[in-house]
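Listed next as structure tokens is one chain, alone, in the form predicted alone.
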């Protein structure tokens, strides 16, 4: 497989996961607005900080309110991490690798992009945001499912897996970070005890982890247990530990992968250690940030190993 083709498929996996995960991240705060006590005021700008987009956001918006944050993350084509930018990138990458990616996936990607472009205002407005985000997440899952049942398990598939699971591991840590940031914000509030359970419950539901968590952990929703499950569970497909384990399997099927595998194993150990102590507060957020930096460095190593250039 040509390195450029491999790179495009890798980025297709990343961008599909990014579009879905960004929608899930927004859904945490969207649902919290309905679940939290009226007296609690959560800051939407936390989502900009969590994604390290402060400079990009400041270039476009002077007001750090809900509408601007949601618009920036959903439909701002100057933000490379927005949903619409991710979908446009998916379409371009698949357009140039249509002999590798199933034709039905190309059609579904176009339909999803068109849906977001035509209904973006529904996502920005609070009244219709829930349905818009749910439809967007469903479309992304359909694309992933279609590729899963149609693509041969060759080098193209392994590259798709590397991109998808790298992005998913990163975004799982950011979903956890969003929960911790919200808890810090309400910690001194009179409703702090109830608020913590509401926040962690929404973090689980945003990752479709509510039922699997209860079945695996057999405990009430508490921060330590939620963090441990989402970071370390070896069976749940969205846990950071599971994602890195799958990346090891994908890398093992590719040539010249020794350095990449070594780095993934190192990152896997760090994730497991971070998840097992289940910390909270700013110190734990700093640990999550270090993990996100390590994931970014792993991406650059993958680029140096198999691609001509990094994006």
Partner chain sequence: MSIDWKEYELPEGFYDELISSPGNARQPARQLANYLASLTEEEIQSRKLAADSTIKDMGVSFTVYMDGSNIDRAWPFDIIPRVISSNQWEKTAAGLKQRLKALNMFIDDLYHDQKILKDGIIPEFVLKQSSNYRKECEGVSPPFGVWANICGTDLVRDKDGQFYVLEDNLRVPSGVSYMLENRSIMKRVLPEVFEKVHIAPVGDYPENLFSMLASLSPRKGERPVIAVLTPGIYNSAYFEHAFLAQRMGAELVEGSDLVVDKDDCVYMKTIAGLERVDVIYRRIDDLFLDPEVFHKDSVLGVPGLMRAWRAGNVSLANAPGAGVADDKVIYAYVPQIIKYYLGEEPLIPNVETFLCYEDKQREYVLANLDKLVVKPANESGGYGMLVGPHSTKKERETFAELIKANPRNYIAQPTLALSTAPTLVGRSKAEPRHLDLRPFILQGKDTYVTTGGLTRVAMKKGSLVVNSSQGGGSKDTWIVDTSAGKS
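No experiment lies behind these values; they were computed from the predicted model shown. Positions refer to the first chain, counted from 1.
FYI, the form predicted in complex with the partner chain isn't displayed, but the following is about it.
4.5 Å heavy atom contact, residue 267 to the partner chain in the model of the complex: So residue 267 does not count as contacting the partner chain.
The partner chain contact at residue 233 in the model of the complex, heavy atom, 4.5 Å: Flag for residue 233 set to no.
Residue contact check: residue 130 to the partner chain in the model of the complex, 4.5 Å heavy atom: So residue 130 does not count as contacting the partner chain.
Close approach of residue 142 to the partner chain in the model of the complex, 4.5 Å, heavy atom: No, residue 142 stays farther than 4.5 Å from the partner chain in the model of the complex.
Listed range touching the partner chain, judged in the model of the complex by heavy atoms within 4.5 Å, from 154-162, 121-129, 79-87, 170-178: It is 154-162 that comes within 4.5 Å of the partner.
Contact assignment for the partner chain in the model of the complex, among 208, 96, 150, 219, heavy atom within 4.5 Å: Flagged contact: 96.
Residue (of 36, 69, 42, 254) lying close to the partner chain in the model of the complex, criterion heavy atoms within 4.5 Å: None of the other options qualify; the answer is 254.
Contacts with the partner chain in the model of the complex, stretch 1-20 (heavy atom within 4.5 Å): 1, 2, 3, 4, 6, 8 sit within 4.5 Å of the partner.
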